[in-house]
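Only one chain is given next, in structure tokens, and it is the form predicted alone.
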């Protein structure tokens, strides 16, 4: 085993991000469609989270809950630059060793103090290979990671087991005093401060280390809300206002109940009926009805989401780039976006989102241009596709059926290849199947950035052995360019190298870029000041009763 897989995947088809004016911190609601009121209880719809431990919660549903329970070291301003939040300062002189001072006086929900040790022990838990944390990969930049994650001699799929780790703690983490710790990286990383806003870098209290299984059912954070009771699986998770919270973004409402749904369509009906207050992703089947049913309570804004279809490149059937490009060229992105998704997303022809620095429009070129004749000719030149049939997997709880079926219809019409959509009931189940390579065929994925950097799209998704590279893509030239970008002295130099790496992807086409997300959400008459952030999360510190 070489660490565990991580993924900040998004479950739904339609996703949401902050409006440009709302990208900054989490000040009290000052704008919105109604006057903010203090007090009361509200509800937000989600799918069943996969995990609820910060270091192993890397998908959208669990992240939504943990965002209420924790306060990050840094948050992001209107220009997507990191600003201190739980941290008092984050400094470095060489991009290699970073000193992090946390603000004094912070407490966990169980009353114990938040200290430098709380961060170090949480990060060590996430980095220790045998714990199989989904966020393990994020600690690979820290000195000493390899000792906690010895390489499996014949890979994860081989029969041999990886040797036992030779250490339990990262040598690059040092507690300096009660509120200060240092992080020594294996290599310089100019953008490291930007990374620290991500979920896996939240602290863990002693209670978590003592009994991590019990902790996951009732996570203890240091954020604006604390959990009431326990995670009621497949039903709900309730959080209440934390009276000891010291951050500036103090919540308005007394409590938030995250209601867990199997289907977005059911979630939608409950919001219409007033039985649920917020649906973060309006299902594609209701996009035509939503404006009439919700009026001004139906909203959209830009998002960091990147929706794509992946090829299992390790499968001989999909191993030729020409085959992959032909399928891409047979898809009319504009038609699906307009007809099926009511322009709730934008066609994508690049491999990184427009919200990050370094984005270039249409890097994909002819391989993402709708051209049925050229697609058919390219597929014929490549010798066709085995069995003349493909399947596209998707999670049934995410509202994907309509666009997957439409995509298959286009492939059938334009390439003469049989295509079927294959639903897996839950998002968490689909993630597990593709992670373990138990799903046979193409599969849809949607990526929300973990932190605002071009590297966060290229590194986890496409580097050899990358944390979320479920499709087995590998190209040494690409890997080196991504790595060289990380080690660049400045962000500007890094972007130039990462853009060269993206050009390599265009030649190989391990995935088909389809759409960039927009926030498309709705809320009941019971609430106001509903906003979502770049990470597909409802900002529950701003929401209020109507």
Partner chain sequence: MGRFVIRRILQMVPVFIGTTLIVYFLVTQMGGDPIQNLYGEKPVPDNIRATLTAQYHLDEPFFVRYWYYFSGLLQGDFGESIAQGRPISELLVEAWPETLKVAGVAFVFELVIGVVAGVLAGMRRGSFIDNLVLVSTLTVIAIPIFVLGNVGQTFLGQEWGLFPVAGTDDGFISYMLPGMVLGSVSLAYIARLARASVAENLRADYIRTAKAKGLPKSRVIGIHVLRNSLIPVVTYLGADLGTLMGGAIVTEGIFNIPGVGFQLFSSLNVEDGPAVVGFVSLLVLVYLITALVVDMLYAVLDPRIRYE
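Here the structure is a predicted model, which is why all the values come from computation and not from measurement. Basically, rigid core = biggest C-alpha set you can superpose within 1.5 Å across the two forms. Numbering follows the first chain given and starts at 1.
Separately, the form predicted together with its partner chain exists; it is not shown, and the next lines address it.
S.K.: Tell me, please, which stretch of 185-193, 423-431, 337-345, 243-251 lies within 4.5 angstroms of its partner chain in the model of the complex when heavy atoms are compared?
M.R.: Heavy atoms within 4.5 Å of its partner chain in the model of the complex occur in 423-431.
S.K.: Tell me whether 130, 272 and 395, taken together, all sit within 4.5 Å of its partner chain in the model of the complex, counting heavy atoms only.
M.R.: Contact check passed for all of 130, 272 and 395.
S.K.: Is the gap between residue 452 and its partner chain in the model of the complex 4.5 Å or less for some heavy atom pair?
M.R.: Judged by the heavy-atom cut-off of 4.5 Å, residue 452 is well away from its partner chain in the model of the complex.
S.K.: Would you classify residue 124 as touching its partner chain in the model of the complex, given a 4.5 Å non-hydrogen atom cut-off?
M.R.: No.
S.K.: Given that the partner is absent here, does residue 277 sit within 4.5 Å of its partner chain in the model of the complex, heavy atoms only?
M.R.: Heavy-atom contact with its partner chain at 4.5 Å: absent for residue 277.
S.K.: Examine residue 261 and determine whether its closest non-hydrogen atom to its partner chain in the model of the complex is within 4.5 angstroms.
M.R.: Yes, residue 261 lies within 4.5 Å of its partner chain in the model of the complex.
S.K.: Counting non-hydrogen atoms within 4.5 angstroms of its partner chain in the model of the complex, say which of 310, 300, 199, 468 makes the cut.
M.R.: When its partner chain is considered in the model of the complex, the option within 4.5 Å is 468.
S.K.: Between 82, 446, 459, 283, only one gets a heavy atom within 4.5 angstroms of its partner chain in the model of the complex; which residue is that?
M.R.: Among 82, 446, 459, 283, a heavy atom within 4.5 Å of its partner chain in the model of the complex occurs only for 446.
S.K.: Residue 471: CA shift of at least 2 Å between this form and the one not shown after core fit?
M.R.: Comparing forms between this form and the one not shown, the residue 471 CA shifts at least 2 Å.
S.K.: Could you tell me whether the Cα atom of residue 266 shifts by at least 2 Å between this form and the one not shown after core superposition?
M.R.: No, its C-alpha moves less than 2 Å.
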